[in-house]
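In the block that follows, a single chain appears as C-alpha cells, in the form predicted on its own.
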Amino acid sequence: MSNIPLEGIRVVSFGSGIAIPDATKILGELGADVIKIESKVNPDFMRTIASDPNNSPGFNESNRNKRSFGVNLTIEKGKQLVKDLIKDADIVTENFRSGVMDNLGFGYEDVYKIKPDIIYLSTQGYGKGGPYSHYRGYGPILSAASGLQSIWAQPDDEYGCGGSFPHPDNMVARQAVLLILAALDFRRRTGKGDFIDIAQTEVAASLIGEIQLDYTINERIQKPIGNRSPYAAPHNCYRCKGQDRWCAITVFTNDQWGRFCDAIGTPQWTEDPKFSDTAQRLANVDELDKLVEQWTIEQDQNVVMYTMQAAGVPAGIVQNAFEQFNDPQLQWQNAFVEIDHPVAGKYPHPNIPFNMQDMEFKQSTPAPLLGQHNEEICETMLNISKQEINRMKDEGILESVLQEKQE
C-alpha cells in the first residue's frame, strides 16, 4: 500500500496566477494528479509576464507537479474534452472573476451534473455574491482592501502603506489545500462532494484580527508601527555594520532584558530607571531604539544574532536572497530542491517545507510547457487515437507552445 497521501486523486485545475496554481502545486506534492487547463488564447497570466511563455519564473514555481492540457474552450469539442476529464476527476479548482466559469459552462452547477460527488473549489478576490463580486483584483490590491496595507509601514514613512508582496494569494493557497483535504475526508465518510467558496480579501482580513478587535473594543484605529510591538521593547530591526545590514531583536520579558544588557556589556544607559521594565521601555521606545542601534551599528549582523542567541535573547539577521539560499539551517533542512525545466534548465526551488514520519511525497516535477501533455492525456485518459489527435491540432482544438531548451 502506497504511503503517498493523495495518490489516486485527480485534480482538473482552471487556475491562473498564484492562489490556485500554488494550491494545486501542493496537492501535486502530496501525490495528486493535477491537470492544468490552459490555452494560447487565454493563458495563465503568469506566463505572459516573461518574453517566453514557457520560461516565467513565477509560473515555473507555482505550477510544478502538473500536466498541461492546452485546449480551446471556445470550441464545443474542446469543452467536451474537458468535461470528459472531469468525469474521472475528484477535484475542480478555479480562480477566475465571477461569472467566467458559468459562461464557459464549467460553473459548479454544470460540473455537478457531470460528477455529483465533485469537490469544487472557487476563489476570487472578493468572493461570490455581494457588491464587489465582479471586481477584478490581484494580490497587492486585495492586501489593501483587506486592511493589511494600512498597518504595513514605518510610522514616519512618507508613503505609508506596505509593499507589493501578494500575501492574500499565498495564504489562500494554503487555506485551499486545507479545505480540499477536509472535503476529501467528508466525501470519504458521506459519499458527498462539496462546493468551496473562498474570498481572498476575507482570508487576508483574518490575518489581522487583533487590529479589528482593537477598533471594536477600544474604538482605536491602529496606525503603522513598523517593526515595533505594542507589547515589547526593544523590538525592532536594527542597523548593523556594513551596507544595508540589519538584525531583528526582540525582548519580551524583564529576564530577557537583563540578558540583553549583559550581552552588550551593561553600558550605563541600560541602568536608567526609564528602561527598568516593559512599560517604561515602551514609554521611551524612541530613545531606547537609538541607544540599541549605537551598539548594533558597530557589529556585524551575524555577530549580533549569535551574541543575542547565546544570551537567550531572540534575534535573527535580515537575510537577502543569497543569504537565505546559503543559510546553514535551511541547507540542513534540505529546504531547496533542484529541478530541471525543459526550457529554463536546472535551478533550485523551495522544497516541501515539512517532514512526515510515515508518509512519502512525490518528487517535484518541473512546470509544464503549454500543452505539453496533450497527446498523453488524450491517449491514456480519453482513449483518443493519434489520427483524431492530429485532426484536433489542425482544427485548433488542442493548443500547445512547445520549445526545448537550447544547449
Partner chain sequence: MPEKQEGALSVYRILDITDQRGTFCARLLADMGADVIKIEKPQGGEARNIPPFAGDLPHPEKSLYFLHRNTNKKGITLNIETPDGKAIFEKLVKSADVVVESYKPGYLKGLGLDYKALKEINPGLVMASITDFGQGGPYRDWKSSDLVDFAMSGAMIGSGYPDGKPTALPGSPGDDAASYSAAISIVTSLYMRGSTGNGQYIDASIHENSRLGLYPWGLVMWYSNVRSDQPLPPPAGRMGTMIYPVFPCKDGYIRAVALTPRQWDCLVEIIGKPEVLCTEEWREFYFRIGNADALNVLVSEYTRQYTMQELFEKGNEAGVPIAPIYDIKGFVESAQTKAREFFVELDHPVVGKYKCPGTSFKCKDSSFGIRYSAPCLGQHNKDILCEELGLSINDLAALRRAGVI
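Residue numbers count along the first chain shown, from 1. Here the structure is a predicted model, which means the values were calculated and not measured.
There is another form of this protein, the form predicted in complex with its partner chain, and it is not shown here; the text below is about that form.
Asker: Exactly one stretch in 318 to 326, 78 to 86, 273 to 281, 260 to 268 has heavy atoms within 4.5 Å of its partner chain in the predicted complex; which is it?
Answerer: Among the listed stretches, the partner-contacting one is 318 to 326.
Asker: Is there a heavy atom of residue 22 lying 4.5 Å or less from a heavy atom of its partner chain in the predicted complex?
Answerer: Heavy-atom contact with its partner chain at 4.5 Å: present for residue 22.
Asker: Using a 4.5 Å heavy atom cut-off, state whether residue 126 contacts its partner chain in the predicted complex.
Answerer: Yes, residue 126 sits close enough to its partner chain in the predicted complex that at least one of its heavy atoms falls within 4.5 Å.
Asker: Would residue 397 show up as a contact with its partner chain in the predicted complex if we use heavy atoms at 4.5 Å?
Answerer: Because no heavy atom of residue 397 falls inside 4.5 Å of its partner chain in the predicted complex, the answer is no.
Asker: In the predicted complex, does residue 382 have a heavy atom within 4.5 Å of its partner chain?
Answerer: Heavy-atom contact with its partner chain at 4.5 Å: absent for residue 382.
Asker: I need to confirm a contact call. Of 145, 73, 101, 285, which residue comes within 4.5 Å of its partner chain in the predicted complex, counting heavy atoms only?
Answerer: Only one option qualifies, and that one is 145.
Asker: Only one of 161, 114, 303, 297 comes within 4.5 Å of its partner chain in the predicted complex by heavy atoms, so just point that one out.
Answerer: Filtering the options by heavy-atom distance leaves 161.
Asker: Using a 4.5 Å cut-off on any heavy atom, which residues of 213 to 244 would contact its partner chain in the predicted complex?
Answerer: Result: 213, 214, 215, 216, 217, 218, 220, 221, 222, 226, 227, 231, 235, 236, 237, 244.
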